[in-house]
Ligand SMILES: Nc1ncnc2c1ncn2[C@@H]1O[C@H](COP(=O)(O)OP(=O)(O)O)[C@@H](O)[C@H]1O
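Take a look at this single chain, the form predicted alone, given in structure tokens.
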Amino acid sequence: MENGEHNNQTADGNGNGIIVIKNLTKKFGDNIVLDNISLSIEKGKTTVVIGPSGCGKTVLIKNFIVLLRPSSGEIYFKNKRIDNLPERELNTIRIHYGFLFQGGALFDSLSVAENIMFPIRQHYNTTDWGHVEDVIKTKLAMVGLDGFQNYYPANLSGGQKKRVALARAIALNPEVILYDEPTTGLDPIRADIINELVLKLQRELGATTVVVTHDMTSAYKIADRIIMLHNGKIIADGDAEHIRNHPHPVVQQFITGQVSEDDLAVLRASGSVAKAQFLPRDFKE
């Protein structure tokens, strides 16, 4: 489906999506990263955003939470426009979101428990530390890491860091969880653990989930809906079966991982060896 074909999810200020964007354009200088996109994210569902590196996937979800502000257009959360709010008011909106950053973004100097406690301390004045410890224990149990409270990030594997970061992302019981490349850098088994956790949290918390990824195995497993970005626009929008059979050649090239003929021609082009180069003998004493 092309941008705008999802008629039952057409973006408007009073739409039924928990997140609605209208005519969103984001520029960095003269570079247009997102080009007049309208989109509605359905409450309680998992939406996966795919596309080549640099196509604006992360920029899009950062606009959802107004970590970046649009160059033009509007962003709504639960029918309330938020892109024009000052930072102080945005803080009261952001407690409804959890964000899993691509690298996890744990604080190396804080223990696992202190990392998870961080958003709680930021947003709540509490002296009931026994309750906070129970919350930390519960969140770690949800990601299979109860007992790791006193570990530090340096002592964790890459997959464990992602899971601790996810426990922190859900510390405030968010209505929306945003995942930025959650399986990047993980082997297939650890990546599938993350996939299972995405499904588990969507199911058990009833959270609305948006996942940015280029991992098609992950996308097909977790998505209720897949959106593909290309050149700043949505070029495909539908369920996994729709994406698998999409007629657009750019979609097929991406999901099958094939290099374009033009790129192949460049890579295969023969050329002369540069006259100026180092040879093995140049490094011998």
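When you see a residue number, it is the position in the sequence shown, counting from 1. Computed from a predicted model, the values in this text were never measured in an experiment.
One more form of this protein, predicted in complex with this ligand, exists but is not displayed; see below.
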Exercise. Can you say which of 218-226, 37-45, 23-31, 238-246 gets within 4.5 Å of this ligand in the predicted complex, counting heavy atoms only?
Worked result: 23-31
Exercise. Only one of 255, 65, 234, 59 has a non-hydrogen atom within 4.5 angstroms of this ligand in the predicted complex; which is it?
Worked result: 59
Exercise. Any chance residue 251 has a heavy atom within 4.5 Å of this ligand in the predicted complex?
Worked result: no
For this session: Give, in sequence order, every residue of 36-58 that has a heavy atom within 4.5 Å of this ligand in the predicted complex, or say none if there are no such residues.
Result: 52, 53, 54, 55, 56, 57, 58
